[in-house]
Ligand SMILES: Cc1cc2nc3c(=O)[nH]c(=O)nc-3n(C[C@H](O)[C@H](O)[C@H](O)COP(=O)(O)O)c2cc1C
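Presented as C-alpha cells, the chain that follows is alone, the form predicted on its own.
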Amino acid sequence: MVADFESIRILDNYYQTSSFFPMPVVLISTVSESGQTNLGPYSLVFPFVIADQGKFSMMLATRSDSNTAMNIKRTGLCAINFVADDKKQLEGCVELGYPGETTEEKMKNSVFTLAPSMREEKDAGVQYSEIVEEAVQVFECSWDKSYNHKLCEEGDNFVLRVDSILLKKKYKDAIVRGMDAKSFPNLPIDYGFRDNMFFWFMKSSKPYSMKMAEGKGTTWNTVWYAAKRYDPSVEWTEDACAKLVRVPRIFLKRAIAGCVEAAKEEGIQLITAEFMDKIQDKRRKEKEE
C-alpha cells in the first residue's frame, strides 16, 4: 500500500509555513539600553548542551535586529520565562511580538509582572534581567560566546548557558519527590504564525507514561562490566549495580563516572547499594536547595 503523502513546497520559516511543528512558548527577558526590561516572545528555543556538567545550555534563534538579540549582544544576559497555557498570557505574548516597537512602546501595556533576578551569584554593578512572576519556570542564562559561528545572515543563534533553573514550588516538589500525571504544568504548544493573520496554539492535554519495554533495559551485569572497564580499581557489589539498571545505556558511562568520583572522594574502594543510596539522597537534597 502506498503511503498517502504528498510533497509540499518548502518556504521560508518552513517549520510553520510548510509543516506542523510543535514548539514551546517563552518570554525572553533582557535589559534594554535605557535599563528597562524588555520582554520578547519566542518559540525557537531548544536544549543544546544537555550532558556536560557546568555547561548546560539552550539555543535561541532570533532576528539579528530584534530588541532581544541586540540586548543579549550588549549585556550577555537574559532569562527564559516559560508561560502557562492561559489565554490572557498568550494574548499578552502576541502583543509583545509586534515587530518594530521599542522596549518602551511594547512594555507600556504588558500584562506581565516583573520581579528581580534570583541568581545566587551577582556581580556588583551588573543589571540582571528581571523574571516574569506568572511564568511556570525560568532559566536564567548567560551568553556563551565560545560558540560564535553565525549560521545565517539574517538571524542570530545564541548559545545561552543555563546559570540557574527556577520552578514554582509544586513543580519542583514533583520533580524531586516523583512524578504522576497531575504533576505536570499546563504548557501551551505553539504552531506559529499562519494564514498571514493568526498565531495558532494548542492546549496541553493530560500526560501519560509508558513503561520501558521488557528486555531492552540495562542489566546489573551490564553495569558491572561497564564499571569494571571504566575503573578497575573501584569494585561494585551486585546490589549497587542494580541501582543503575534503569539508566539508558547512552548515559550509563556518565552515571558510573559520577559514582566512581564520589567514591574516590571518600576513599571508598567498594561501591555498595548503601553508598548508592547515599549518593542519590545527596542529589535529591541538591535539587531541593
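Because the structure is a prediction, the values reported are computed rather than measured. All residue numbers are counted from 1 along the displayed sequence.
The next section is about a form of this same protein that is not shown, the form predicted together with the ligand.
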Report task. Please run the contact check for residue 165 against the ligand in the predicted bound form: heavy atoms, 4.5 angstroms, yes or no? Result -> no
Query raised in the report: Heavy atoms within 4.5 Å of the ligand in the predicted bound form: does residue 161 have any?
Result: no
Report task. Answer with yes or no whether residue 190 is in contact with the ligand in the predicted bound form, where contact means some heavy atom within 4.5 Å. Result -> yes
Query raised in the report: Would residue 94 sit within 4.5 Å of the ligand in the predicted bound form, counting heavy atoms only?
Result: yes
Query raised in the report: Using a 4.5 Å cut on heavy atoms, which of 61, 262, 31, 49 is close to the ligand in the predicted bound form?
Result: 61
Query - Option from 178-186, 199-207, 108-116, 74-82 whose residues, in the predicted bound form, bring a heavy atom within 4.5 Å of the ligand - result: 199-207
**Report entry** Stretch 22-48: residues contacting the ligand in the predicted bound form, 4.5 Å heavy atom cut-off
**Finding:** 25, 38, 39, 40, 41, 42, 43, 44
